[in-house]
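This document starts with one chain, in the form predicted alone, laid out as structure tokens.
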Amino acid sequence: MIELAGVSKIYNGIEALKNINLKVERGEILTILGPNGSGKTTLLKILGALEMPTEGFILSNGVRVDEGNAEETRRTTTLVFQRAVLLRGTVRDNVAYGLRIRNLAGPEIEKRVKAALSLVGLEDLADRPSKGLSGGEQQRCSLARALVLECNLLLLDEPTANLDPESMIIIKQVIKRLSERGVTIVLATHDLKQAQELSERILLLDGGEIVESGRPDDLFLGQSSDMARFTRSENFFSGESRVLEGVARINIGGGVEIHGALSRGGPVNIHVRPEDIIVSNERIVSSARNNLLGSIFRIEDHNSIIRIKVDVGVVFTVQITRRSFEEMGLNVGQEVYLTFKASSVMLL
């Protein structure tokens, strides 16, 4: 459906993408996996013809895309960004906006808007002002605004990052249902669990280059050095598991044992998403099985998101919002507690 041939993209002398060769097949779910700054968003923009390559070219249905005909590709493609930007007015107004620009008839607009809002679980909020929505509801509204256009190619940039559990589940369900309808979906994420659950094929992007490509099971079970290095940077651990009373106790080294909702004993590879870990200044009393005390040794600023490296005997990466970071007054060298559920421990 879309092909990139020898594509490179340079911004202000910095090469964001390097010699990308990629074919996206019609109807597949392709995940671009990689750390922050690896070029995932730039690659999505190129696939959607929102930006042109510095070198190389794009083929859409076999036709070479340039500035003269890029609009044809854009009309059949929608990119949903990580941070939803909504217009003034109601949820219904936002979702209908693109259809009104295309001069569709009123009954057709109403039909499509109703279907899209139902799909993302916002039909009861159609008349609510968009600015009053929660973060997860805003992202679902943004997705509905894309769905009403009935495009052939849907591009999603970190579609479930920092969402509430309900919104996360709904968006995953929408992705699966759209794929069943034949919509081609390319999503960019650094979330290993999401990549494994949703993808038919995964690309690992690092430093603007495709360093791995394959089916999820092949990449995760037979890890190359590139995939292993990426997963280790995102709470990937190897350890020895022993199952007691239905819960796995996993020794991951450094004097650290974590509990997972797993049934496998012996050597295991596991992963915990940074988003699933709660950071607190004091120990939290809850049903969560894992509560670890450690020291912050690195803080990474990614605009609205802060990523923190915490040494608890082994190093965990956690992700919180800027607001939470500022409210807690976190600093390098500070001791914090990391809390996460046994169900958050994913077996690879």
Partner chain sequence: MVSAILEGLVKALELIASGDPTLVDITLRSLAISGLATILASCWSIPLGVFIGLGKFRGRSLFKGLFNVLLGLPTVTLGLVLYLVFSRSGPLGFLQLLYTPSVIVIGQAILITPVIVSFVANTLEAVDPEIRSLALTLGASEVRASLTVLNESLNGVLLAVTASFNRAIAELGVALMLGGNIRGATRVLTTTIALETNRGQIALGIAMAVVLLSIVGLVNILVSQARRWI
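Note that this is a predicted model, so its numbers are computed, not measured. Positions refer to the first chain, counted from 1.
As for the form predicted in complex with the partner chain, it is not shown, yet the points below apply to it.
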| field | Option from 211 to 219, 68 to 76, 177 to 185, 243 to 251 whose residues, in the predicted complex, bring a heavy atom within 4.5 Å of the partner chain | value | 68 to 76
| message | Please tell me which of A261, A115, L149, I169 lies within 4.5 Å of the partner chain in the predicted complex, judged by heavy atoms. | response | L149
| query | Among A195, I278, L86, L125, which has any heavy atom within 4.5 Å of the partner chain in the predicted complex? | reply | L86
| field | 4.5 Å heavy atom contact, A105 and the partner chain in the predicted complex | value | no
| Distance check, L50 to the partner chain in the predicted complex, heavy atom within 4.5 Å | yes
| message | Contact with the partner chain in the predicted complex for R289, defined as at least one heavy atom pair within 4.5 Å: yes or no? | response | no
| query | With the partner left out of view, is G98 within 4.5 angstroms of the partner chain in the predicted complex by any non-hydrogen atom? | reply | yes
